[in-house]
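The structure tokens that follow cover one protein chain in two forms, given apart as structure 1 and structure 2.
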Structure 1
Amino acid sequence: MQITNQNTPDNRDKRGDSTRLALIQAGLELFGEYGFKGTTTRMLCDRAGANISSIPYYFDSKQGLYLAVMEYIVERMQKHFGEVRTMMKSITRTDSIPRDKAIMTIKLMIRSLAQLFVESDEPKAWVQLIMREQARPTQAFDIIYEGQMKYIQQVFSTLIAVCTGLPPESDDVKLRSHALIGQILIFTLSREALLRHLNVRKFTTEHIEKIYAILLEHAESCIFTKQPELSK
């Protein structure tokens, strides 16, 4: 009978990867719920089922784990937006994008963001952390912003500029971009309130399709501008 050595380097590496990921998942939940200061290393290790020495071993410190959690969020978001990134890779100037393609890409972006933040449960923990960082930005906010937020803002701004004819660096375009992103995130931030208002425990397929339709309807007000009326 062949006896397998359970302590081979490959097995140790797998256990190490598993422990590291468990600590990151624990950080997602606990940092979002209690904040950085309110979360202790003991709480993190207990939640992850890890030894107390695991945090300094894998991350150097609690701060290191906190930053690793932010990097994990960025990695997950980048993976989700892989299709859009590929589509936008060759776009460097507003004059290189046909208007119909810009409109199509805005719709794709909205649906992609909505799938992530409306349909999925995982981003609820992300949003808690991001909102804490929005209120009091730290080094961790730089990771989130530079890693993904900035890219999404730039893509929306470029596409909106194509659709409206406004300069992509104008405040008008940046504010419209922010409004588009914000209307999607609100469905995660206030999900529980909406579920109670709808008197359901979870969104149905019909709810989600209606949310998509409403998001696209609102997007049209950012894409299709009207000349402002002169006050009488």
Structure 2
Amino acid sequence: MQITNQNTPDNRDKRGDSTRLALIQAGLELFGEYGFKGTTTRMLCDRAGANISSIPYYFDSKQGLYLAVMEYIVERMQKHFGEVRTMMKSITRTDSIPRDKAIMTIKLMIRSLAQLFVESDEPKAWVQLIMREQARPTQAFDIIYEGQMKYIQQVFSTLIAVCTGLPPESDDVKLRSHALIGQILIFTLSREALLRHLNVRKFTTEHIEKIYAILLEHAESCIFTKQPELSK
């Protein structure tokens, strides 16, 4: 005998949860591509396979769903960068990290960030949403910035400070870490122009390997630049 959506507490919760999640997933994709106003509640519900009134039901409003999507991004980023953050948290003074370990860590982080942003599709939506918010920051930008971006900036800055010997709180270090992170994001953000220039519709494995190589080269230029001052 088939069980058809009985109102046992268990089934209720599961159905509710999956609708909720489907809407967030839809929001992730659509808000990133079309922007907040460019995405209609109808588009969201169609994509999620949910009813129009499920948005006010679960999130109060379209705006509520948008904020929930931002919180979801923070959660997901946490998953990806959680280990690094935990590792870094224990370090209070930059001189407690050996330089060679810092270099290795930076390279690892770049590779993993690049893998995440260049290869997979979900983070592409994250980046697009974040960039839209930077054009005109709203409450949603605070969620992302305070929730994750801030810590990624800190981790990179700390590592670069160790590698270069520059003071960890200096603007120089902050600008360098920005350049390094941005370098990765631009391959996601400006993918369309790059694909047209390459005359392809999708990156090949060779492209991606080459991108990694270029990113690492750049990282080295950031890292070794101030080296001479270290030897004094």
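Everything numeric here is computed off the predicted structure, so don't read it as measured data. Here, rigid core means the biggest group of C-alpha atoms that superpose within 1.5 Å across both forms. Throughout, residue numbering runs from 1 along the sequence of structure 1.
Taken from the form predicted in complex with another copy of the chain is structure 2; the remaining one is not. Once both forms are overlaid on the rigid core, the distance between the two CA positions of F36 between structure 1 and structure 2 is 2 angstroms or more.
Once the cores line up, the CA of A48 ends up 2 angstroms or more apart between structure 1 and structure 2.
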